[in-house]
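Just one chain is shown here, as structure tokens, and it is the form predicted on its own.
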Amino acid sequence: MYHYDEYDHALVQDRVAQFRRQVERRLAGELTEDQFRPLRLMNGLYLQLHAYMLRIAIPYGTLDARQMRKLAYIARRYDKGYGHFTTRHNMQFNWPKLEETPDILAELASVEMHAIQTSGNCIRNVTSDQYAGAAEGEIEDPRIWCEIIRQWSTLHPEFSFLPRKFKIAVTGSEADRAAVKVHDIGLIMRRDGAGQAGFEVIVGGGLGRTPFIGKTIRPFLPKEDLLSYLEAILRVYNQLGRRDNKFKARIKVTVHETGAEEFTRLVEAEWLQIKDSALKLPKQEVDRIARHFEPPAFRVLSKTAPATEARIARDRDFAAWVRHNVAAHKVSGYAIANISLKPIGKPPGDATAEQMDVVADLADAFSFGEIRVTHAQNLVLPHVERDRLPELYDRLAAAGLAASNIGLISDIIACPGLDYCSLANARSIPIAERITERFADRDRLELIGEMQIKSSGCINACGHHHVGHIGILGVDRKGEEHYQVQIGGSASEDAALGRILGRGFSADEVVDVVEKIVDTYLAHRNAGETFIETYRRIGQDPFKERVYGAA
């Protein structure tokens, strides 16, 4: 993984010292809250419903064991003993004291972490595929390009005050595990006819109040032109983006109102002016960054894993964990092990300090010290010897981290909702907990198969409800929490926005509604069909009839 150079260290430490002075002035009454607000937001500090919340960047979802231990220490020392992993590779602490936030940032700086640009109208934390560098079929490790984008975009003077926040995602695989089509810019690595690697450039995706699937504005961009093309996109957006209406300020609205064809023309014209400038990436600089992402020292292993196969044959629980939580690795004898943060009846994405310490220890013991964070709010050990999976599973189970539900109905994405967020209209966490309890039976989980439920507590869609197979949106209805349900969404390579089913439901009704949707799927699916395949074949009417009754 990337390690800070002298410039990175100086930048982060200077920012800590600067923010410490700002906090001291706020506490002394020399700054009002209105004056302090833009300063704290530039350092990832929000004022939530009950307390401050600090959002920490985990660039492209990669961290090591020492960094995870530091997050555990911060949770224990400065918070209430836990942290929350978000859908954009961030860690959120929900209860820090204002006077201690500079100390937290100093702790983070000591392990090459920070909270810079995790808020504000700037380019946010760049995200990627959690299997980067380990996945089969990958063109290149996308983290190399994420790190290049991070270095280019951090405190970029031209893009520090954009019309609205800006999010970039990169994947190096055909299988989209980074939800690139619902980002402001999504980059998919492709090969051209000559076999050269480059990027498909997708612009204008996003969720929230006005959701859009992004549009491809360039099918293939040579790698050396990446930064100049991104700069051209940001310049056009900076000029055209609405600053008079924050609800229309995102680039997705700019692309929609300008038209994808005209927006592309403007970007290409701007790019012609700068493509041969200092922004053209020299090979030696790309190679320098790439050296930070060299594969670990894999052992030469047999394709067979007798200990794992024997355990699968005799242990039903372990077999289910391997089936759902273990993915294929590109190196023979290795596997990718997913760690679910979705135990039955618990808040999705939360991890206690003790669990973080356990994951750090397991990373050292099994995965070359590497850990990944997923946009589905889970964790990954990317490089595990396949025949050591039984030992890993036993240690995860002892820590309460062996839920075998990756990709299943209980693997729910949920935002913090009204339990924490001042923007929310309804609670997300209790609904998610109740759904996992309703579908806790192992046989039923297996019968249902792949299912993505995503839940947001407000229209800002931090829970990605628009692209859930089943999406749940919390709304306010005459002062009461209510829930709107939509179905048919996807955040993968077949990205699609779900359609609203009909009138909303009370908190007491919504879990029953989810069950009716699932039962309808089971009644109509063909052999081997997933939920999304069945939905696309039969349409919405059978689901509406089951939920609302015959018209």
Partner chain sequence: MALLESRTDGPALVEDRFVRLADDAALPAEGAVLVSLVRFEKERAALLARKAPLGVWLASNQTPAAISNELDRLALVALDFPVFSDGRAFSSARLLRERYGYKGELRAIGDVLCEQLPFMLRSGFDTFEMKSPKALEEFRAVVGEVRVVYQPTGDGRATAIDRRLGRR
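Just so we're clear, the structure is a prediction, and the values are computed from it rather than from any experiment. Residue numbers count along the first chain shown, from 1.
The form predicted together with its partner chain is left out here; the points below concern that form.
Within this chain, L162 lines the site of its partner chain in the predicted complex, having a heavy atom no more than 4.5 Å away. Interface residue remark: E481 is not counted as part of the site for its partner chain in the predicted complex, having no heavy atom within 4.5 Å.
When contacts are judged by a 4.5 Å heavy atom cut-off, S153 counts as touching its partner chain in the predicted complex. A residue is said to contact a partner when one of its heavy atoms sits within 4.5 Å of a partner heavy atom; N238 meets this definition for its partner chain in the predicted complex.
In plain terms, the part of the chain that comes close to its partner chain in the predicted complex, with a heavy atom within 4.5 Å, is 266 to 274 out of 296 to 304, 266 to 274, 138 to 146, 99 to 107. Just one of Q196, Q284, S422, N245 comes within 4.5 Å of its partner chain in the predicted complex, counting any heavy atom, and that one is Q284.
Residue in contact with its partner chain in the predicted complex (any heavy atom within 4.5 Å), chosen from R288, R442, R316, R191: R288. Looking at 38 to 76, the residues that come within 4.5 Å of its partner chain in the predicted complex, counting any heavy atom, are P38, L39.
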